[in-house]
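Next up: just one chain, as structure tokens, the form predicted alone.
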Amino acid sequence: MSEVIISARKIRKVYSIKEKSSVRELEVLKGLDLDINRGEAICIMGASGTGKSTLLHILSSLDKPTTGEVYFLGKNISQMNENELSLLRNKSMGFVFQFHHLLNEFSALENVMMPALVGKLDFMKAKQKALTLLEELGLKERLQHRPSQLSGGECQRVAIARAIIQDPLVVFADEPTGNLDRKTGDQVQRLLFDLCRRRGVTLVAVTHDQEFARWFGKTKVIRDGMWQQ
């Protein structure tokens, strides 16, 4: 029987929008339920503005729902304080966003090492893990290059290595190839998908790319704030 790693219940997200003489409420998510199993690859799709990225951020504890609850391995993350959430993200979650968010003052190797060092891993062990990942992602010759010296696809590969270095239970990917051309995007998508599959990492991705979505065992579509049946 599969183990549920993330369970979301009745997730609503409402934004208050200030207008000239009033405040208007915009309900983006309208009571969504979702269970994600350990080792599963799930893709969340929907038109622009449907709330798919908002849902991803809520599932990953980067945002809070207006109402509803998210459980990670049975623990209600809404009841955790910020220190507990930071530890959870560092130890159990990896993130790949549309923009790589690498630190330009550091090399590719240093960027990948950073989560492990924050997590108190020994420096040499962190360095070896980062080296192994970057080599696996075809960046052996780019270790000391800074993000400004790398192509967009190379930066995203560094971001993938950074997301994986702590051996997370789940990787959250938000339009991970949205800024790349078709060929480079396909390469990065395949690297991300294959790396997670080989390591048994749960992958939760938001994408508008139908071709990428076909690789996933489960696809959910948001429409008007609800799951499309």
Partner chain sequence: MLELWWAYRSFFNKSNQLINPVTFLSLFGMVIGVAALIIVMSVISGFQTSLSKAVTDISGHLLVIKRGEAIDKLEVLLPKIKKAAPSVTAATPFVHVEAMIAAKGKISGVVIQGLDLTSYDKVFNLQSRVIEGEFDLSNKAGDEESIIIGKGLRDKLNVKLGDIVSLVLPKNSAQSKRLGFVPQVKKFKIVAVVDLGMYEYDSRYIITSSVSAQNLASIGPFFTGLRLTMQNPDLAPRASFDLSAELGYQYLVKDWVESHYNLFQAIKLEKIVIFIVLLFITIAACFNIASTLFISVIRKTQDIAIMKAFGTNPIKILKFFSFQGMILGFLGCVLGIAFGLLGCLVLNKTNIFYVPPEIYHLSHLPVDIRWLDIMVIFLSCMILCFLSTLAPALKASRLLPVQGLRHE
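Residue numbers count along the first chain shown, from 1. Only a predicted model underlies this, so the values are computations on that prediction, with no experimental measurement involved.
Note that the form predicted in complex with the partner chain isn't included here; everything after this is about it.
- In the predicted bound form, no heavy atom of Arg142 sits within 4.5 Å of the partner chain.
- In the predicted bound form, the partner chain lies within 4.5 Å of some heavy atom of Glu82.
- Residue contact with the partner chain in the predicted bound form: Phe72 places no heavy atom within 4.5 Å of it.
- In the predicted bound form, at least one heavy atom of Asn90 sits within 4.5 Å of the partner chain.
- Contact annotation: the partner chain lies within 4.5 Å of heavy atoms from the stretch 60 to 68 in the predicted bound form, the single such stretch among 197 to 205, 23 to 31, 60 to 68, 181 to 189.
- Heavy atoms of no residue among Arg214, Ile222 and Trp227 are located within 4.5 Å of the partner chain in the predicted bound form.
- No residues of 32 to 47 lie near the partner chain in the predicted bound form, the criterion being any heavy atom within 4.5 Å.
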